[in-house]
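Quick heads-up: it's one chain on its own, the form predicted on its own, in structure tokens.
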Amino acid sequence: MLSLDGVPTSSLFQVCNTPHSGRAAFATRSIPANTVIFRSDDLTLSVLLREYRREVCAQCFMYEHGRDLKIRDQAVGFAFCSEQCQVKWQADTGDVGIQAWTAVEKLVKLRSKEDSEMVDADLPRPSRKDITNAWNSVEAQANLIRIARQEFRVRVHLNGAAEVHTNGDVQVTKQHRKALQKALLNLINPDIMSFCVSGLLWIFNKPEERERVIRLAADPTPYHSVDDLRFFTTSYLHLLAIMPLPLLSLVTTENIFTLSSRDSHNSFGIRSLEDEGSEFFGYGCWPAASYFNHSCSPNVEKLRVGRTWEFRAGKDIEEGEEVCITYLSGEERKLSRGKRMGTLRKNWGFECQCERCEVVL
């Protein structure tokens, strides 16, 4: 169950504020091992890395281990394990969403393949000032593109009858059209663009749930490197140039930065299920699942069942005990204390203080 603002509620645990780790879940009674304590199906946005698109179902995330799925929708660039999954994805995405993914796929196919791999962790992260300056630097071009796109709105409305088009008191000029064309020539990172489109479609399709993401802990510096930040700003311009007009008002720096800052420390990896998650083929944000804190010695195990996360007590949990999962993959759990803490610091931005990490071996 979820409260109106998306906080998980249960007869087994309660989410409370803590002085040391923000919000956390605590058992409200003794919980026997193997008890299912929560299921989170509130996926807001998700990214399937482009290199895995042919072998991972876009709806249920079933993985074919290197084999292409039989059902492929070339227009939107996704594959599906069954017609049922394809129909469900289409219904959830909606007509406007299908138009958006089709526009993105068309643009990506027209361009040479760009490097979308994760940036080396040793590179410096952009500061708050760097981030503000980067977003401000593209806003003038963004405003010109918006005006150019409004011209298209008028042209469609008039069915081609008018020769001169204006947006309010501003006449659309060659400058506006050049700004749009320039945006389309920017380098493309397909995975970052997919992140933005997925999040914007969620806002469009479920505006009443937006507060669930806003309430999550924010990372003020969510970009891994200057290149990562640059791909976000250029993706912003790309989307202004190609998104269906019903989405245009949602393509803002505020929305994209909000999605980035909330996803940064709250996303869950989408991994293979049969081999302790050795294959990482994407990630997503399930806001309700984000209320469980990390421990390197967790008392709750998590399992992805399609698009839903299931949380089950890994051992007996006493009343009042914090309910914790691990943010580490199967292989990462086996790392030394120092390497575990380094991984958590790099990926999640905190110093682990769980019982296992307090013991210096």
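This is a predicted model, so every value here is computed, not measured. Each residue number is its position in the shown sequence, starting from 1.
Below: the form predicted together with a small molecule, not depicted.
- Contact annotation: the small molecule lies within 4.5 Å of heavy atoms from the stretch 263 to 271 in the predicted bound form, the single such stretch among 242 to 250, 263 to 271, 188 to 196, 78 to 86.
- Shown alone here, Y327 lies within 4.5 Å of the small molecule in the predicted bound form, counting heavy atoms only.
- The small molecule is not shown here, and in the predicted bound form it never comes within 4.5 Å of any heavy atom of T233.
- Heavy atoms of A142 never reach within 4.5 Å of the small molecule in the predicted bound form, leaving it off the interface.
- Using a 4.5 Å cutoff between non-hydrogen atoms, C352 counts as a contact of the small molecule in the predicted bound form.
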